[in-house]
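Just one chain is shown here, as structure tokens, and it is the form predicted on its own.
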């Protein structure tokens, strides 16, 4: 049986991310694609899956570590039928260390965290082996022996969503006593701590050091607004409390920031897609055997690329006082999933045809619904399209996905009577809603962008010009 290294895969544009949760332990049997650890950046949290099937023989990371692409997470002894996407470990890998790690039980770790010597919780042979392994490290001048017993206490026991929530409120998790299983910090713990600070009943360590009683509670007080109303809804009738999904919590915080910080303006317009829809239906019949279904969104992506080329300010991003103009055209599209809204990205849409875009959209949307989208597949977008065409509606104001400067919202197309100059004719009309960042784009540019987009959708031959 062979042993392989499990490494951190591509994590997108992040240089490094922090380990906030370890989901496996030494001795666990793991399956392909099983989540191993949870990491968190300043934008989101994500789970790192296993690329092999086997048994964890050694963990190479701990809570609080920072990892990057290529970092070794664990050593795995492959199952008899396991297949690896990793390179096998070198033959000289020692096997004694996993045995020592497997013998360190949760009780032993808790004893060490409580101040008791770790060796007292181990059997004599294992303790002797551990001492022999640790002694050279302890003798190193750079080693700080005071950090080892308190390692577990340094990282509060809380889920990624709770950490995110606490960070937004400015609540120090290290000062909260968890009421959940094994001292896990819950949402109620964070809210209760925040209310106590706001009421002046307690002070955080930072407040005590600075002598300031003012906190960043996330309730609106920091912006000079009235506190968020606290209501006991149960006194008015039956209620049911459910925790929000992780994706909604993460996206909600980003949307809140974008709505507050970006001066949104939305232009509404209509596009006549009668001829384009007829062509789409005909193309689907011709390619029926290929299994590829061409959607109107695929045409919209190509039309938006053409508009971005004509109006490069829409393909820019603010970086301080500079504008970064992108020479590539990556288009994001909002996908509705059971866990919340996700935005996969079609890379280099200018170099792909409508058929290729349709196939890629179908694949990415399926991965989004199954929760298998990687960070690289949701990053790098220049412009985003949010389509409600399959649901209904007329117009809406989509929120810009920073650091982009614009987003297009489309609703369900409807047949309407349109005056041709001689008579009213039934035409299929697609509502367009373009939200744009007024710091970068002005009203005239936005009106021209929408008009150009409507012209392309009305006569798709303009894409070739």
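Positions refer to the first chain, counted from 1. Since the structure is predicted, the reported quantities are computational estimates derived from the model, not experimental observations.
What comes next is about the form predicted in complex with oxidized coenzyme A (CAO), which is not displayed.
In short, of 58-66, 435-443, 404-412, 24-32 it is 404-412 that has heavy atoms within 4.5 Å of oxidized coenzyme A (CAO) in the predicted bound form. Residue contact with oxidized coenzyme A (CAO) in the predicted bound form: residue 191 places no heavy atom within 4.5 Å of it.
Although the partner is absent here, residue 315 is not a contact residue: none of its heavy atoms lies within 4.5 angstroms of oxidized coenzyme A (CAO) in the predicted bound form. Although the partner is absent here, residue 326 sits far enough away that none of its heavy atoms falls within 4.5 Å of oxidized coenzyme A (CAO) in the predicted bound form. A residue is said to contact a partner when one of its heavy atoms sits within 4.5 Å of a partner heavy atom; residue 186 fails this definition for oxidized coenzyme A (CAO) in the predicted bound form, lying far away.
295 is the sole member of 161, 295, 251, 267 with a non-hydrogen atom within 4.5 Å of oxidized coenzyme A (CAO) in the predicted bound form. This chain lacks the partner; the member of 79, 176, 334, 247 within 4.5 angstroms of oxidized coenzyme A (CAO) in the predicted bound form by a non-hydrogen atom is 334. Residues of 380-400 lying near oxidized coenzyme A (CAO) in the predicted bound form, listed in sequence order, are 386, 387, 388, 389, 390, 391, the criterion being any heavy atom within 4.5 Å.
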